[in-house]
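Before any questions on how it binds or moves, here is one chain, the form predicted on its own, in structure tokens.
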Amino acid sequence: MTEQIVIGPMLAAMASVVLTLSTRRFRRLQRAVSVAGGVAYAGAVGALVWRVVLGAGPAAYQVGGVEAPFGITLVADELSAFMLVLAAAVGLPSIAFSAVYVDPDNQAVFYHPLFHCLLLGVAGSFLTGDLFSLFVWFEVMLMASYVFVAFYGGEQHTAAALRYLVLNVVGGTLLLLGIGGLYAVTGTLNMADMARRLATPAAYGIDVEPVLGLSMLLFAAFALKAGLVPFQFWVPGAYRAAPLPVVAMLAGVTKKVGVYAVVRLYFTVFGGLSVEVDALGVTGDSPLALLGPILLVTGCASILVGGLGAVVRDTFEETFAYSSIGQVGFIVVPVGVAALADTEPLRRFAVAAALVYALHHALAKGLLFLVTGAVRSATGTGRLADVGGLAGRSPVLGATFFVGSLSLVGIPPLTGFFGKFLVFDAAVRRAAAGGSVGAVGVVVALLFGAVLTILYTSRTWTRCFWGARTPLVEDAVVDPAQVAILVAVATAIVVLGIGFDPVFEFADAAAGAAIDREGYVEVVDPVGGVEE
């Protein structure tokens, strides 16, 4: 019976969609129901974490009682639980901030049901145990985000939404082609069953050569959804157009879904596959041999492109949009290190470093986008040149921005310090073990990216929060309810940084689950069990 707890977060999101739709005529009630739905979602995630991490361990739920690999499987292991915590940590404050930030007329009818639809797609993506359902939940998540990008209407928003839609339709097509190809080659869509078959391909008559190309097709789709260079073009326009609480979700959570999919597929599903690799000057005997260099190159390129772009932007939204492109590079670089690791301890450590950085970035960037919303709400603009002296006008608002910026830079004892330290540690270990010019170049790129982060956060701070007050700031009215939400998120960043040990233990357990292919197969238990 306890396996049914796996569907708790999805049921909470589904119920919230229905309830916010049914209360659309009563605006205050709808907002209250929406925030309560966010609390219920966080509570369901907490119960799932209690069951998976502190209780009986990973669990699988077979929808309709149809056993895997024939039915639809939902799986909650430590990796899924970690990502769901990340989603809840950003989702709840974003919903609460929406209720006091977005114009009440704009909130009516569609806003809150769509927000919970976004959470539903995220939860489904993290919990699904088969590839086609992963595609479906991706699309549920993206359909909600399409509407949000076009939410305010107007030429700029419509153009951004169209660009976002076209690029993601291309990504979705690549994803569907890759999934169809893998089904044709392996004969299954269930990820545990696919992992089992790919580990012993001869027993199932599988030709492994096409799997390498199909895995690259999937990677291209996930890289586009994560906004990695060279697929980052949709990010600035979409972040400028969508409501800022939604942007906090897009930057903090939905981009991580693409990274999660890469980790889950390459380390869990393709982890046991032995196939000769000889492409792009890379040789090896596993898809990870090709994934590693690609992730290191795209990750470093994202760090440089995003960091340089953020340094010269004139608005909060553009600065943090380009920052998000750069920060996702800090997440995928350790994943690339893990893919090339010669030992299991280094692989596990590098994946844990990526997860810790993902959690840190979700909290810090979510906070900074919500601060942007509070500034825009108080002054009516997000232009850096027009909002000088904010710290004197509202010291608490300035303090929350300061905490988010320091965490992004990596100042102890905030979560960002540990995230950045672990990423550097993983890259240095790889350089020390490999000793190649490329491995050293990765460390240099990380250092350069860290310097760029200091430059654009300090530039934003000095232009907006220090100095003489501009007329807009002098007349600004800061909403105390918005500031209270910002204080809660900033406090979480400080508290998780001070009490970091449980966070790392959780991330380490999640990394262990990501590379434990046999454990994943055993939990799902596709018909026939694990082949010996």
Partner chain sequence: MSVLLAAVVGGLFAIGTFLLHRRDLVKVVLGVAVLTQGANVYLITMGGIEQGTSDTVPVLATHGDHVPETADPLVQALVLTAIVISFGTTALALALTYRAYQENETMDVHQWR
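The structure displayed is predicted, hence computed values, not measured ones. Positions refer to the first chain, counted from 1.
There is also a form predicted together with its partner chain; it is not shown, and the following applies to it.
- Although the partner is absent here, Pro201 is not a contact residue: none of its heavy atoms lies within 4.5 angstroms of its partner chain in the predicted complex.
- Taking the partner from elsewhere, Glu155 is found to have a heavy atom lying within 4.5 Å of its partner chain in the predicted complex.
- By the criterion of a heavy atom within 4.5 Å, Val166 is counted among the residues contacting its partner chain in the predicted complex.
- Among residues of the shown chain, Phe417 is not one whose heavy atoms approach its partner chain to within 4.5 Å in the predicted complex.
- Of the stretches 277-285, 175-183, 118-126, 261-269, only 175-183 has residues with a heavy atom within 4.5 Å of its partner chain in the predicted complex.
- Taking Leu446, Ala96, Ala150, Leu397 one by one, only a single residue has any non-hydrogen atom within 4.5 Å of its partner chain in the predicted complex, and it is Ala150.
- Residue-level contacts in the predicted complex: of Ala161, Val211, Val229, Leu218, one residue has a heavy atom within 4.5 Å of its partner chain, and it is Ala161.
- Taking its partner chain as positioned in the predicted complex, none of the residues of 302-331 brings a heavy atom within 4.5 Å of it.
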